[in-house]
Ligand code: DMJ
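For reference, the chain that follows is the form predicted alone, supplied as structure tokens.
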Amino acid sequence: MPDPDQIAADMRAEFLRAWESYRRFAWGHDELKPLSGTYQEFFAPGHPVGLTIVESLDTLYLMALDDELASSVRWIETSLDLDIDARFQVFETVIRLLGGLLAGHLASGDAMLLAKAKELADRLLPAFTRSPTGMPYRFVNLHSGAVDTPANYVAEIGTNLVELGTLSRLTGDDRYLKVAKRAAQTVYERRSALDLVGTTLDVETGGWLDAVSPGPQPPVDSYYESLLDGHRLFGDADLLAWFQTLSSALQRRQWDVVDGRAWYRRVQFQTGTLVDNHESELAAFWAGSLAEAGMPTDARRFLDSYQSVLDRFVLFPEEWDYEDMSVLDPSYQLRPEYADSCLAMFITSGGSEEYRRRAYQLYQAMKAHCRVANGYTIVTDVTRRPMSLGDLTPAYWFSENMKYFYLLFAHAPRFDYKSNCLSTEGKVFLGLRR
């Protein structure tokens, strides 16, 4: 590899090149479409909320792009109106918009961002408080508070602790943490005798709507991560106990080794019976969580499995069958999970160069196959040569991918490499130096 400082400078330049395209073609809208030079909204058609701007606040801070940070904060202050008569997905709104506003406040100290975060959370609360079980409905109207869709996924029910808990800590209002913890606990209490959970619950009746435990894969994945991060941030012993019970069951019931590679089989959550051997790119985050939970050997083995996929396909397909390595979804959605684990394991290992090398391999592959005139775009098929391209720069590419890459190489003075905690959406809730 080149010198780490040289790599970090290149990453910062690539981020800024794509950011300038976002400013030119999509400023104030949710996501850039770089091939067509247009944009799309993520939550509701016709209702932009500047998702890329809000999500990227702490990344801009860490990269010392202070002029861009200042203009982003100004846009939020003058243009982000949260009184929107449209249904918003609660989970994505929490981890992306609420998380972005809170991380931006922690980075900049701007009180307006905290006030916006509180307003947004108050508009989301009916999803929790109008539910008979305390598990949130999947959608809420930000204007009226109307809720809908009681069938909700475990990850979407239980991944609220970091954001709502941080808001409680910053405002002194414990309502937010209480509803988040109640939702997480309600899922935990519905685990099977094997200490496994399914994927989908009816938040009105509390009953399971399916019987599959996918392990640390969607649509359960970030629930486990949220429990661990909630404990790390708030020192809540309940959250740690729940995480340890559930993660121990995953290792005991679903850990599967094929041809020397470790994966997680999908099973019936009440019986442990095999469902299939499908694996998702989105589960790559779990290696980092295992490392942070004090299981470095299993973390390394799981990351090695994903490294074998990267070596085989150059970029990660969205989903594959690990039994025969057949591709089930050939798209590469510019996902950040592998880089996330590389950063977590770099930190927990005390700075092992191995994790820089792995991340740099992915970064170089991304540059080779996803780089376009106006930034970076998704790939629709990683098995074709040349790879076929889509037309989208997801907001999380700015806020997650490039943050993880940069922090791995930059020796960033605004980040505490010894004491930190990043959310499931890569927002820095502990470790920002001001």
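All figures in this text were calculated on a predicted structure; none of them were measured in a lab. Start at 1 and count along the sequence shown; that's the residue number.
This next part talks about the form predicted in complex with 1-deoxymannojirimycin, which is not shown.
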ask   = Tell me, which of D229, E156, E337, E279 has a heavy atom within 4.5 angstroms of 1-deoxymannojirimycin in the predicted complex?
value = E337
task = Name the stretch, out of 257 to 265, 129 to 137, 146 to 154, 91 to 99, where some heavy atom lies within 4.5 Å of 1-deoxymannojirimycin in the predicted complex.
result = 91 to 99
ask   = Looking at the partner-bound form in the predicted complex, is D30 within 4.5 Å of 1-deoxymannojirimycin by any heavy atom?
value = no
ask   = Hey, in the predicted complex, is Y376 touching 1-deoxymannojirimycin, heavy atoms inside 4.5 Å?
value = no
request  = May I ask you to state whether F398 is within 4.5 Å of 1-deoxymannojirimycin in the predicted complex, using heavy atom distances?
outcome  = no
query = Taking 1-deoxymannojirimycin in the predicted complex, which residues of 400 to 434 have any heavy atom within 4.5 Å of it?
reply = E400, T424, E425
